[in-house]
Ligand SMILES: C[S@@+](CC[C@H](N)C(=O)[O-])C[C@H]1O[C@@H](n2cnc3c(N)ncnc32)[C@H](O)[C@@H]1O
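Just the one chain here, laid out as structure tokens, in the form predicted on its own.
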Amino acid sequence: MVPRSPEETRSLFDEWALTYDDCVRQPCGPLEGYEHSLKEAAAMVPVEAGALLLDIGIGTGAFSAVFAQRGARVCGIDVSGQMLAKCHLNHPEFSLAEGSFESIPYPDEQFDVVVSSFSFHEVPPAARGAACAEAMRVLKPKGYVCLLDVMFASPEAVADARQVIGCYWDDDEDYPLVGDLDALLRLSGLCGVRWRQTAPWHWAVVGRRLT
């Protein structure tokens, strides 16, 4: 499997931006359970009013909106300019910029919370360790990280999903395995790591930077 180039990924999401919100209202395939997963994952994160939150791969802003309702101040980055434009229409109060897991355009220890939904799998496997470290770089001590994505417990679970999902399965995607990502997050310095399966093909993970 050859990962998509950054340009290909940007083009894909630029094209999807106008219809993305409609697609996730009645999702199928790997995105089945989308809205339920957003709520379940957000409930795992203690966010106080006034907390500064970064959403990596913010898309049209649905995940961050859950935290904004709890009083978080939201900054968001995305590789797609069109996604950012749609997010601005949906949530003009959010602070938005172009960026990615591999290159976050903010200084060290800036955020109380770093979150991401359905975006981490776009990071090439060889770059995922560095992406975890980059997320930790911008997180304040005592801050929380929450990643929600299409993920699987084992290669056998991937094979099962491929069979069940059928024609909606995308062979171009390389979804993370829970054990692999768990190890990378702990190596990056995350502690108290907790996992929850939020939908048939979704897992959420939350942890805290202690120092």
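The first residue of the shown sequence is 1; numbering continues from there. Everything quoted here is computed from the prediction, not taken from an experiment.
The following text describes the form predicted in complex with this ligand, which does not appear among the structures shown.
Put simply, of C75, C132, L139, M83 only one has a heavy atom within 4.5 Å of this ligand in the model of the complex, and it is M83.
Residue heavy atoms within 4.5 Å of this ligand in the model of the complex occur in exactly one stretch of 58-66, 175-183, 155-163, 42-50, and that stretch is 58-66. When contacts are judged by a 4.5 Å heavy atom cut-off, Q197 does not count as touching this ligand in the model of the complex. Under a 4.5 angstroms non-hydrogen atom cutoff, this ligand in the model of the complex has V123 among its neighbouring residues. The closest heavy atom approach of E109 to this ligand in the model of the complex falls outside 4.5 Å. Using a 4.5 angstroms limit between non-hydrogen atoms, V114 is distant from this ligand in the model of the complex.
In the model of the complex, the residues of 75-104 lying within 4.5 Å of this ligand by at least one heavy atom are, in order, D78, V79, S80, M83, G99, S100, F101, E102.
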